[in-house]
Structures are given as C-alpha cells and as structure tokens.
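Shown here is one chain on its own, the form predicted on its own, set out as structure tokens.
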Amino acid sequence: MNSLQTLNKRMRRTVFNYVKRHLSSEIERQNEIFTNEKSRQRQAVGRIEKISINYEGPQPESNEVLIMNKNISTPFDCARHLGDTVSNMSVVALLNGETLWHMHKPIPDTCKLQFLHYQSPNPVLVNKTFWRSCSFLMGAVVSQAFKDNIKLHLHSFPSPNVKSGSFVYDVQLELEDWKPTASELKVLSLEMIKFCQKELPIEHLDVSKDVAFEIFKENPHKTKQIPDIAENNDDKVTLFRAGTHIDISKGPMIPNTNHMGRITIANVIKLNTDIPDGHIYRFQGVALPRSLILNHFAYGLLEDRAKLLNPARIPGSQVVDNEDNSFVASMTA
C-alpha cells in the first residue's frame, strides 16, 4: 500500500468530513438573512452626504484630507485612495486617536483617521485584533470540519490574550471523549490554512436582536448570549462574516484572511463543565501574520506552549459567556 493510500485510510477513520459538500440549507439561510440585512441598511442611508477624513500618516508629509461618503465609505476605501502599500499593510483603523475601527465598517462622520499595522511601535492593539480574528477563523473551520452525524455548536471564544499562548474557541461536540491524534490536528491546521488562502474579506454588520436571533436560532448558546450582548451594545449585536461563516464578536477583525501566515491548531482539550446536551472542547491554536517571519525552532516553541490548556474562563451553565464576558470593555483597553 502506497503512502497516499495509507493516508486516505487514516483519514477515513477520523471524525472529520473530507468530502466537500454543497452549502447546507442552514448556512444558506443564515447568509441570505445577513446579505439582505446588509443591503437593507445600505439602502436606508438615503441621500449621500460627504464627510472629510483627515488621514494622519506615519510622517507629517503623508497626511491627507479625503472626501468620502458618510455611512458608506470605510477605512479600507480610504486606504485604497492612499495606495496599495497602505491598503495591504493596514490591519485596523484608529478613529480620532481613540476608537479602534474595523477596516470594512462604514465611517459615520468626519474624523481623524490612522492605520495600525504589524510593525506599529505599540503593537498591543494590532496583536489583539489578529488574535481575535484567529479565534473567529478557527470557528469557521471547526464548524465545517466534522461529519454530518456529529452534532456541533460553536459556543464562544474569550477576549484575545496573546500572553496566554494560544487563541481559543470553545465548541460543543457530541463526542464522548475525543482526543485528537497528531494527524487530525495537522489536518485541521491545513484546513484553516486553505480557508485563509481564499483571501476572503471579513465583513462587518451591526444588527438588531431580532435579526441576530433569526440568524442563530439553531444555536442554543448564541441565542442565550444575544440579550446580554445587545443590552451592553446599544441594543445591537455585531456580526462578522468570512466566506459563508457568520459569528458574533465585538471586533474589530483583520480585513482579509490573506493576513494569516503560519497556522497551527495545536490541541483540543475536553473541558469539565456543567453545560447539558453535549461536551465542551477547547480548540487552541497559534498563528503568525503573513508579514512576520519566524524560524522553525522559535515557532516550534510557540506550538508547544499552545498545547497547554489555555487559562481562559471555562464556560458554565450558570453564566452567559461571550467574548470578554461583557460588551462593555473598551475597544482600546
């Protein structure tokens, strides 16, 4: 038996779904709601008003005033006016020197605009944005990785904490005591790499509670989280979409999956929780932005650390968990 046949035989023994399917009716339903709501909000803008965006570049001579469209133009649109270098490097926008802003989120009024990137003098905000995006994208891959007969619900992911050593997504799986093999973790990592290589823009959309409930009505964890999120977010729920994957997060995210470089899903650990109707597994990973290079030995140390149980709060039935456990946290904290 050749090596390819051996690999295929091993893959058939795993819990993963390696046959690429057409979109499920549930995913199609969610995306139809998201797309229609995004179109409705765009049409509701009505008469186009102009606003002045005062771009503050890394050097005073690069400063520029851009005339853009209120509630339509995004920081990414502004970056494209400034050239490919700016648009390709920018990770997240900073409005008026204090508010982090997703690159694809419409700008509501005249403001000062800066762009943060991976080589920024103070990379904390960029690192958090990247780490949060890693959790979001891992959720996208995990939600589609398992066979149809295995019940799965994405639960939540904690606020990004680079110092913890891994990005995380807690997932409810109808598996009694799954301990993934090294080959299964490798396959999950490769699936996440392939997903990111599609160069998908990560869209942003604020929706009402009713719309959020309709999108996530099949996920008992998300529906439980929505009221608390909306209560602390001006009665809105913030959604992000990459490809066909939609999830809840306060954001911001990286603007495109092509920002992702090396990726490893390092471990999956079953958690001890009292959540009924399934078992909660903590998926943990480590990644680097595409623009950052690290030697094999140093990256291996990061992978080893990411295998250890992430110390983030373990979800329970008595607490409504969502990212950061609160939408009140400051974007720039």
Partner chain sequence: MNQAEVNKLMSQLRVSVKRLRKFRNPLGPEERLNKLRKTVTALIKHERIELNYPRADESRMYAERLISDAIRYGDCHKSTMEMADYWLIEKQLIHKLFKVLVPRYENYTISYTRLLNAPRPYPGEKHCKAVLELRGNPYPSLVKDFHSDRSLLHNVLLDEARRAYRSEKYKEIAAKVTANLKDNGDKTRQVEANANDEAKATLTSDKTKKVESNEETTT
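Numbering follows the first chain given and starts at 1. Everything numeric here is computed off the predicted structure, so don't read it as measured data.
The same protein also has a form predicted in complex with its partner chain, omitted here; what follows describes it.
Not displayed here, its partner chain is approached by P289 to within 4.5 Å at the level of heavy atoms in the predicted complex. The shortest heavy atom separation between L302 and its partner chain in the predicted complex is within 4.5 Å. In the predicted complex, at least one heavy atom of V162 sits within 4.5 Å of a heavy atom of its partner chain. Interface membership of Y118, defined by any non-hydrogen atom within 4.5 Å of its partner chain in the predicted complex, is confirmed. The single contact residue among F240, F216, W101, F130, judged by any heavy atom lying within 4.5 Å of its partner chain in the predicted complex, is F130. Here the chain stands alone, but in the predicted complex its contact with its partner chain, taken as any heavy atom within 4.5 Å, falls in 279 to 287 among 279 to 287, 47 to 55, 33 to 41, 65 to 73.
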